[in-house]
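Take a look at this single chain, the form predicted on its own, given in structure tokens.
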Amino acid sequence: MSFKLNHLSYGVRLFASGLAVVALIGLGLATSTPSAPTNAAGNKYIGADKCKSCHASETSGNPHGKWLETTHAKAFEKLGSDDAKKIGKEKGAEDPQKADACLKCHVTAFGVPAAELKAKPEQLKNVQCEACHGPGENHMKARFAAAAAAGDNPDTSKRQVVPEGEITVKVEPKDCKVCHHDQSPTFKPFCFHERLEKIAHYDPRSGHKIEKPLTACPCDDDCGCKKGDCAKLPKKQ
């Protein structure tokens, strides 16, 4: 499965999951298949454990650790719950953990050709970072190369600038809706901005943490913003 989620500010960094999107996806029993994030030639999915090697330090805000605290990190496990099995049975999926209709939104890179996977399928369970940011092999190679060029004493006080196109960064409501939509049996309309804040993983060196008041709601017109600060703001142009 692959549903994109880029990030709301430049301070939002790649974490090992993707992170993902906005709270738990529930059972993705939609009829359509999520589209994969744009995949540059030769780029492959590497899995959350590879992302962790660079994205688990407190210096970078420990995005991997923050992902582990989200329901995205337990998306596949959730399919094995009694509630999921009950819903699955009602929808014709006797075992949600084996049903394509569920796995496409509870497993990263589900349905992606094997040639585009560097990680083994069992290493891609749950909604990981690459479910939101796209395949990470090129990003990993580029960052390792940059670290090697920096030598033995790199300046860790500053966040490395990730060039556009190396990895997906900015998130939009449409990216969440690849799996968070009314064809999912557990879907509930939500405020994109508020949900994104629940899974955000900011690099403290970037200075882009969302603390200043919003001047416009970043959500789509039908995103479900019906209360809170976001609902009181004009929609983005």
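Throughout, we count residues from 1 along the sequence that is shown. All of these numbers come straight from a predicted model, not from anything done at the bench.
The form predicted in complex with ligand HEC exists for this protein as well; it is not shown, and the discussion that follows is about that form.
A.B. asks: In the predicted bound form, does residue 78 have a heavy atom within 4.5 Å of ligand HEC?
C.D. replies: Close contact exists here: in the predicted bound form, residue 78 approaches ligand HEC to within 4.5 Å, heavy atoms only.
A.B. asks: Looking in the predicted bound form, any heavy atom of residue 117 within 4.5 Å of ligand HEC?
C.D. replies: No, residue 117 stays farther than 4.5 Å from ligand HEC in the predicted bound form.
A.B. asks: With a 4.5 Å heavy atom cut-off, would you call residue 107 a contact of ligand HEC in the predicted bound form?
C.D. replies: Residue 107 belongs to the contact set for ligand HEC.
A.B. asks: Heavy atoms within 4.5 Å of ligand HEC in the predicted bound form: does residue 71 have any?
C.D. replies: Close contact exists here: in the predicted bound form, residue 71 approaches ligand HEC to within 4.5 Å, heavy atoms only.
A.B. asks: Does anything in 61-91 come within 4.5 Å of ligand HEC in the predicted bound form by heavy atoms, and if so which residues, in order?
C.D. replies: Heavy-atom contacts within 4.5 Å come from 63, 64, 67, 71, 72, 74, 75, 78, 79, 81, 83, 84, 87, 88, 91.
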